[in-house]
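Shown below, as structure tokens, is a lone chain in the form predicted alone; questions about how it binds or moves come after it.
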């Protein structure tokens, strides 16, 4: 079974890659790649990979002989992709193609991490069969990556994930970091009442991917979102309640009233019924995820 083979995660210095590596380490033989920021890991567990180098992925895959590649490495900031669409194309499209070709040459299974932002957000509750229509450079680049993986890698799985939150990596965090700063500094948090997602606690992404690794028959396209559709402002109020913060700093605003805000899907909520039917696993709700984050924070800080 391929789950007995080595697993290689790209992008382990990023938020998802780091948390995924941390969750899967000890469960599977695993190593990872990084680019600019080297994690504090043994040299046999972390390898530098420049996705702009046409030969680098193939060289690393030949060296490590992974049976499964989980491709997390990407420019994940929609703002950064909007500001530099060429960078988004080079990393998220050309870089993904290089990883896909190396995976196919190695005969490896490839799990490609995509996003809910491949949809335009006009209706929400998106299923795998719904046609994508990304609004921005980030969503377009990730959709192009999906298509390349499908074309190039015979044994592949595309996993669309939503907005995620959880403990930060040593080099990057999730959107809750700026919210915690706002609560801590008692500065206004402008949070949208008309932008809906299905936020996922990052450990649940790890648990879902662990099930994928244990079921090599799972192929094709899956959605894995949290179990609640929620707007940004309501998420902030839930976080204030769980973390005992003052909700008065939250300023509910409408994205529709921000004329210069970058194109963003108003409702990118994911329907994850297919994943649930095939695995029995569903991402936890927001309050439960926030309580898990609070526990993880206390464990890390000792408070």
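Positions refer to the first chain, counted from 1. Since we're looking at a predicted model, the values are computed, not measured.
What comes next is about the form predicted together with a small molecule, which does not appear here.
Chemist: Taking any heavy atom pair closer than or equal to 4.5 Å as contact, tell me whether residue 61 reaches the small molecule in the predicted complex.
Modeler: Contact check for residue 61: no, nothing within 4.5 Å of the small molecule in the predicted complex.
Chemist: Test of understanding: in the predicted complex, would residue 264 fall inside 4.5 Å of the small molecule by heavy atoms?
Modeler: Residue-level check for residue 264: no, no contact with the small molecule.
Chemist: Indicate whether the small molecule has at least one heavy atom within 4.5 Å of a heavy atom of residue 275 in the predicted complex.
Modeler: So residue 275 does not count as contacting the small molecule.
Chemist: Answer for residue 235 alone: is it within 4.5 Å of the small molecule in the predicted complex, judged on heavy atom distances?
Modeler: Residue-level check for residue 235: no, no contact with the small molecule.
Chemist: Quick one: of 108, 135, 213, 113, which gets a non-hydrogen atom within 4.5 angstroms of the small molecule in the predicted complex?
Modeler: Result of the distance check: 113.
Chemist: Using heavy atoms only and a 4.5 Å cut-off, determine which of 254, 37, 45, 27 is in contact with the small molecule in the predicted complex.
Modeler: Residue within 4.5 Å of the partner: 37.
Chemist: Counting only non-hydrogen atoms, which stretch in 137-145, 205-213, 178-186, 122-130 is within 4.5 Å of the small molecule in the predicted complex?
Modeler: Looking at the partner contacts, the answer comes out as 137-145.
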